[in-house]
Ligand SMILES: NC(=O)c1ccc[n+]([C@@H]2O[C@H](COP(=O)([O-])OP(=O)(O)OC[C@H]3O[C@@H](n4cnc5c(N)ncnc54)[C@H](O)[C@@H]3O)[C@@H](O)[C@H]2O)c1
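We begin with a single chain expressed as structure tokens, specifically the form predicted on its own.
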Amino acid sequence: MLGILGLGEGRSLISAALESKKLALKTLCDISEAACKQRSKEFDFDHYTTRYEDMLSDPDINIIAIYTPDHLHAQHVTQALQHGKHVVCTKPFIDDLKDAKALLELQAQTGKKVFVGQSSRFFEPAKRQRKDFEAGEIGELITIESSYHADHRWFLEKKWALEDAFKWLYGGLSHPVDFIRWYLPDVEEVMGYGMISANGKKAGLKNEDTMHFIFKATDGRIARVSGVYTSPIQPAYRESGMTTVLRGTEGPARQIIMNCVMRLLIKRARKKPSPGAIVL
């Protein structure tokens, strides 16, 4: 049985869990009782609590899905593992590398499964590109270029986005980085730069919103990734939300996940459960 912690981002999982034939949803949890009541009414599901401890101590719940703010993931994953629960955690898994070793050791010690929810690979353009790659359409992979450029200046109007805990490196750049690691899983070196843009500085942003990195795999192949989040972008047909270009010996393959479509999905998700993803 499943328990969901965090009913903002976690909303997307509620409908899927209720329709699932493989598991049953037992409890919803959020520190905000208003959020609990809202989701309870929205999904006609009245089993909720404002105490994480209630789910941790429930012997019927063997999986906890964590959709809390990024900086709380390490703490909440640790608690779930310590109570013998399997974990589903939305990306990013953690937002500080100092937490990594202890979490890896705890997972190995408990033997419980930990799944990081990274959705980008499952958009239709990404799946088609992967299918062509595996079929050998581009030949031998030479290099990869991946980016996530989006005009997210509207984030700067949100108080929580200006706190130290909010980091575009993990919340945004994790998407194109995941594409790099999908095709070059054995990365051994990373170098790059990040900065706070003029728009970010004016708004009071605490962490970098503009980044460019280079990756090197153990076999010598290289890739690059970039993320720009608080400046205007070119028209959608020129610059998408997320783009990945594979360059191979027989030709390139480019996938585009349009930012306008992603914004549409976000708006729809806030209104009602979405029966499926829209992709271009």
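Model, not experiment: these values are computed from the prediction. Throughout, we count residues from 1 along the sequence that is shown.
Keep in mind that the form predicted in complex with the ligand is not shown, yet the notes after this line are about it.
task = Consider residue 110 of the chain shown here, and say whether it contacts the ligand in the predicted bound form, taking contact as heavy atoms within 4.5 Å.
result = No, residue 110 is distant from the partner.
message = Using a 4.5 angstroms cut-off on non-hydrogen atoms, would residue 27 count as touching the ligand in the predicted bound form?
response = Because no heavy atom of residue 27 falls inside 4.5 Å of the ligand in the predicted bound form, the answer is no.
query = Would residue 32 count as touching the ligand in the predicted bound form under a 4.5 Å heavy atom rule?
reply = Taking the distances in the predicted bound form, the answer for residue 32 is yes, it comes within 4.5 Å of the ligand.
query = Is there a heavy atom of residue 90 no more than 4.5 Å from a heavy atom of the ligand in the predicted bound form?
reply = The answer is yes: residue 90 has a heavy atom within 4.5 Å of the ligand.
key: Selected contact from 181, 175, 149, 86, since only one has a non-hydrogen atom within 4.5 angstroms of the ligand in the predicted bound form   = Checking each option against the ligand in the predicted bound form, the one that comes within 4.5 Å is 175.
query = Just one of 139, 117, 204, 194 has a heavy atom within 4.5 Å of the ligand in the predicted bound form. Which one?
reply = If I apply the 4.5 Å criterion carefully, the residue I get is 117.
request  = Would you check whether the ligand, in the predicted bound form, lies within 4.5 angstroms of a non-hydrogen atom from each of 145, 185 and 247?
outcome  = No.
query = Which one of these stretches, 196 to 204, 131 to 139, 101 to 109, 153 to 161, sits within 4.5 Å of the ligand in the predicted bound form when only heavy atoms are counted?
reply = It is the stretch 153 to 161.
Partner contacts for 58 to 90, taking the ligand in the predicted bound form and a 4.5 Å heavy atom cut-off = Residues within 4.5 Å: 67, 68, 69, 70, 72, 73, 76, 90.
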